[in-house]
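Single chain ahead, written as structure tokens, the form predicted on its own.
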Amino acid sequence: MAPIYCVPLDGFPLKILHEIGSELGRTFHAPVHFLPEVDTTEQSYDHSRGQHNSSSILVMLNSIIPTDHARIIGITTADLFIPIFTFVFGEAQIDGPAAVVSGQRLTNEYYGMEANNLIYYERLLKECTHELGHTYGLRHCLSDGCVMRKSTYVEDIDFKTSEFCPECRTYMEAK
């Protein structure tokens, strides 16, 4: 497969980015490269909402992707939205090159609970895998536990695995 480029956005921790990137490389059987940090605040921040517009970030990511047929994923701690939703965990272009994921609402602390780095990491990995799956053409899956199952709430993320169901896996193997 073509390479996946991982980009830290707005101060996202490099250590976590590299760990997630390594897992994504194994999952997608693709080489992973890391790009320098990008500040998206000027381009994506909506002062009236106090959030970043994820669609604006996708436009920016499209402008920096280094090669044809590659995928790019930006990971941020900023809270994301699209105009029709209060928030999103991430957004991707279906069968396109770019995806973005936010860790903001993936921490236990966001919900007033005790910090748990393992749960945060698992949620982040699932969402990154999910959004990159969209870039390869996968749609939301109805199979229980499939990483491509839609996640409206953080509990939905916890319920699913970080793996593709057999049908989604077969689709990805044919790519």
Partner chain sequence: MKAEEFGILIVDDEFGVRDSLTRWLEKDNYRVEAAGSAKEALLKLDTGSWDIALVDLKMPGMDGIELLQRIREIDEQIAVVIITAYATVDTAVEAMKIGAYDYITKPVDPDDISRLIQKALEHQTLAKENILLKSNIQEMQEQYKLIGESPAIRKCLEMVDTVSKTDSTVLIRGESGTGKELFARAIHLASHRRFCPMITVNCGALPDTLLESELFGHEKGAFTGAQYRRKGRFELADGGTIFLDEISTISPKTQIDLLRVLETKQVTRLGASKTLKLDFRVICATNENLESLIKEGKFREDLYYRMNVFTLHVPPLRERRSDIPLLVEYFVQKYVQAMNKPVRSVTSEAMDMIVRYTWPGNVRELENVIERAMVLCKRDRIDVDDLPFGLYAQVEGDNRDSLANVERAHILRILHRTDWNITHAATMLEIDRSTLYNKIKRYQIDR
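Nothing here was measured: the structure is a model prediction, and the numbers come from that model. Residue numbers count along the first chain shown, from 1.
One more form of this protein exists, namely the form predicted in complex with its partner chain; it is left out here, but the text below deals with it.
- Among heavy atoms of S55, some come within 4.5 Å of its partner chain in the predicted bound form.
- When its partner chain is considered in the predicted bound form, R139 lines it closely, a heavy atom lying within 4.5 Å.
- The closest non-hydrogen atom of I75 lies beyond 4.5 Å of its partner chain in the predicted bound form.
- Taking the partner from elsewhere, D79 is found to have every heavy atom lying beyond 4.5 Å of its partner chain in the predicted bound form.
- In summary, the region of this chain contacting its partner chain in the predicted bound form, judged by heavy atoms within 4.5 Å and restricted to 64 to 72, 31 to 39, 113 to 121, 47 to 55, corresponds to 47 to 55.
- For the candidate spot formed by P83, K150 and Y153, every residue has a non-hydrogen atom within 4.5 angstroms of its partner chain in the predicted bound form.
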